[in-house]
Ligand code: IMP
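One chain comes next, on its own, written as C-alpha cells: the form predicted alone.
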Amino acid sequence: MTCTIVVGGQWGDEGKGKIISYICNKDNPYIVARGGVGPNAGHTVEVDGKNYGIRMVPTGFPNRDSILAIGAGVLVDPEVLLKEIEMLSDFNIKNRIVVDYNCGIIEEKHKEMDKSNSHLSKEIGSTGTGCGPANVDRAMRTLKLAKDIEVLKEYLGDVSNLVNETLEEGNKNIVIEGTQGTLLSLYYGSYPYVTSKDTTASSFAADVGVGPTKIDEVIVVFKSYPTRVGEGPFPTEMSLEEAERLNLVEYGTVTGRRRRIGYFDYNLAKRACRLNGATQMALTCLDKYDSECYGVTNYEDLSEKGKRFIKEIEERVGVPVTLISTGPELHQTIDLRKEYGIKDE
C-alpha cells in the first residue's frame, strides 16, 4: 500500500483534479487528505459529463469509499465548505469529511482586507479569498481555529492521527492532494507574485501531519502548456492572439479571470521536480498539444509528435512520465505506472 502526494508543477491549473480523481478511482484510497493554502485554489472535477468546481472539499470526492480529510495546515472558509457539502450531497460528503480541529478560519474581515489592499489586489493579483490576511493572523496567533466554530462541530477530527494510524495499519492507500502549484510557493516561486505559504510536497505532508519518511510516491503534475492567473514573471508566455489561434483560451476556476498561456518550460519543470522530490510526472492536456492524441488510452497509439514531446520531457527533466491525460474523462488516461515498476494498488 502506498502514501502518494500529488502536487502541481507550474502555477496551478495543471489538471490535478483529473489526475487525483483518476488515481482515486484506480487505487481506491482509504483517505484523500487535502493540504495547501485554502479556498484560493479551485479544482474542476468532471463526473459523468458534469463539471464540479470546488475549492475546499478534496477532489477525490467521486470515490464514495474514501474518507475526505482537510489537514490542519489548510485555511477553511466555513461558508464555502458548507456550500460545497450541500452541492455535493449526492456523494454523501457530509458523512465522509473530516476537518482538522486546528484548521485556521477565514472570516469576512480577511476577505475584505484582501480585496481592499491595493498591493494584494492590484500589484500581486490576489484572488481576494482572504487567505493572505488569515495567514498573517495565524502567524500573529490571533486567528480563530476550526474548533472554535460551532457550524463545523460535526465535521471536526484529528486528521494527523487518522492518517498516521492508517499508515501504521499498512494495508490501505492514502492520497495527499496539494493545491495551486510549485511556482506559486512563498519560498520558491517568483516572489512577491506568489501565494501566502509554501506549495511543495514537503509542506503538503506537514499540512496533514505526516512525516517525510511516510511518503512513498510524489507525482508532480504538468500541463502540456503552462497557464498563470494574476501577475508575475512567465518566461514562455505566448500572446493572447497566439493562444486564441491554438484554441487555448481558459478562465480561472476561482476568479473567472482569463489565464495567461505559455509554452512548456523544461527548465522550470526540472526545478519543480527537484523541489518536490518527484518520483513520477503526470502530463495533462496532451490532446491540446496534439489533437491526434485525443482520447487515446494506449501509449503505442499516440501520435509521433505526442511521443516525442513526452520523451523530451523525460530526458530533460529526468523523471518518468507515468500518467498521461488525453481528455477530460477519467478513462481518457494512459497509465504507465506498472511499466515503470511503480505500485498502483
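All figures in this text were calculated on a predicted structure; none of them were measured in a lab. Quick note: we count residues from 1 along the sequence shown, nothing fancier.
Quick note: we don't show the form predicted in complex with inosinic acid (IMP), though the next part is all about it.
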{"item": "Partner contact for Arg257 in the model of the complex: inosinic acid (IMP), 4.5 angstroms, heavy atom", "value": "yes"}
{"item": "Partner contact for Gly306 in the model of the complex: inosinic acid (IMP), 4.5 angstroms, heavy atom", "value": "no"}
{"item": "Interface membership of Ala243, inosinic acid (IMP) in the model of the complex, 4.5 Å heavy atom rule", "value": "no"}
{"item": "Partner proximity in the model of the complex: Ser126 to inosinic acid (IMP), non-hydrogen atom cutoff 4.5 Å", "value": "yes"}
{"item": "The unique member of Ala41, Ala278, Ile70, Ala282 whose heavy atoms fall within 4.5 Å of inosinic acid (IMP) in the model of the complex", "value": "Ala41"}
{"item": "Contact assignment for inosinic acid (IMP) in the model of the complex, among Leu184, Val175, Ala134, Ala272, heavy atom within 4.5 Å", "value": "Leu184"}
{"item": "Contact stretch among 87-95, 101-109, 227-235, 149-157 - heavy atom within 4.5 Å of inosinic acid (IMP) in the model of the complex", "value": "227-235"}
{"item": "Neighbours of inosinic acid (IMP) in the model of the complex among 2-21 [non-hydrogen atom within 4.5 angstroms]", "value": "Trp11, Gly12, Asp13"}
